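What follows is a single chain, given as C-alpha cells, in the form predicted alone.
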Amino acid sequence: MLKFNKSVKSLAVIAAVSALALTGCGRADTGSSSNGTSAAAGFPQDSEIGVALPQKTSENWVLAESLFNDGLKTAGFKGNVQFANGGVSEQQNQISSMITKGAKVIIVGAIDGAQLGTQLKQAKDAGATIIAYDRLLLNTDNVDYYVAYDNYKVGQLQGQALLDGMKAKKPTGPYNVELFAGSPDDANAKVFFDGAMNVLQPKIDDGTLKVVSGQKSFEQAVTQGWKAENAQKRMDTLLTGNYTSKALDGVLSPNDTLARAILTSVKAAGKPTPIVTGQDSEVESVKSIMAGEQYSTINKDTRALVAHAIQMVKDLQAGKKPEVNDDKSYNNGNKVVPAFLLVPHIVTKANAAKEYANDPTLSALTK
C-alpha cells in the first residue's frame, strides 16, 4: 500500500520552491540505490535512455513525448520514448526491450505502478537506474528516484479551490457537492484525493459540505482509466438520482479531461453550472475557465518536469548523485523513494494571465 507522510509536506513544498529553477538546489540524497550500491559511476554520453510513458490520456503526456525526444537528443543521448497505448502488457514489453537495448537509465511513467515489478528487477539486474516519472512505482525496491509535482499539494489546492469558488458564488453554505477521483491503477489518483480530502473532510464533518449521493470514499469516486465517458456517465447518474430538486454547488474533479466531461453532463441536464476543479492546464479547459465555466485547474508545467528528469539523467551520466528535496514522504510499500518535487500552482480566471505568462500557447488564451 502506498504510504504518504503528510507531516513533512510543508517542508517539501518550501524546499521545492527554491528548487523550481530546473537544475534545483534540493537536499542531496543518501547516495544509495535500491540494491544497496553507490550511485551510478557514469556512462557514455551517447547511451540509450529509455522513457516508458502511459496511454495518451491527456495533453501533458503528449507534450512530454516531444519534450523527452528533443531534450534527450540535445543532451547527446539516444532517447527511446515509447507510449503504451495498448495497456500494461505493452508497457511491460517496452521496458523489457529497453533493457535488451542496453538502456542506462529508464524513466517510467507507469500505467499501473504496481504491475512492473518483474521488468524493474530485470532492469536493475542489468545495471540500469530507474526514475519514476510523475507517478510513483509501487511495491518494489527497484526504483531509485521519483520526479514529480507535489501531488498531495495538488489535491489540497483543488480542495481549497472548490471551497473558495463556492463561497465566492454563494457566501454562506451549506453546499451540495460531489466527489470524483482518478483511475485506481494510477498511484497518483489516491494521493490527489487524499490531499483534497485533507481540506474538504473537516467541512463535511461540520456540515458545511453535503455530499448528497453519500459517495465519499475514494473507491466510490474513482474514474477507471481517467476516461471522460466514465466520468460523464457517473455524473449523469448522480444528477438523475440526487439532484432533481436540489442544487449542485460544486464538484471535485481531479483533472481537466474529467472536469469537461462533468460540465457536459451538467449542461445536458439543464442544470446551472457548479464550481468544478481540474488539473493539467489543458487548452480546452483554460478556454473554459476564461469563459467562466470550469472554475480552476492546476499549472504543472510539463516543460519543467521533463527538464528535471533529463537533468537527473545528465547527473547520472556524469557520475553525480541527482538532487532530491524530499527523502521522507513517498513510501511505495517497500521503500521510501528519494524524490524531487516541483511546486504546483492553482489557476483561476483571476490569475491565469500571470500563471501562463511564459507559456506561448496558454498565454494567448488569457488575453
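Just count from 1 along the sequence shown to find any residue number. What you see is a predicted model; the values in this text were computed from it and never measured.
The form predicted together with ligand BGC is left out here; the points below concern that form.
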### Query
When you measure heavy atoms, are R135, N188 and W226 every one within 4.5 angstroms of ligand BGC in the model of the complex?
yes
### Message
Only one of these stretches, 317-325, 333-341, 55-63, 41-49, has heavy atoms within 4.5 Å of ligand BGC in the model of the complex; which one is it?
### Response
55-63
### Task
Would you kindly say which of D150, D249, D144, D280 lies with a heavy atom within 4.5 Å of ligand BGC in the model of the complex?
D280
### Query
Contact between Q91 and ligand BGC in the model of the complex at 4.5 Å, heavy atoms?
no
### Query
F192 near ligand BGC in the model of the complex, any heavy atom under 4.5 Å?
yes
### Message
Whether K300 contacts ligand BGC in the model of the complex should be assessed with a 4.5 Å heavy atom distance threshold; does it?
### Response
yes
### Query
So in the model of the complex, does N255 come within 4.5 Å of ligand BGC, heavy atom to heavy atom?
yes
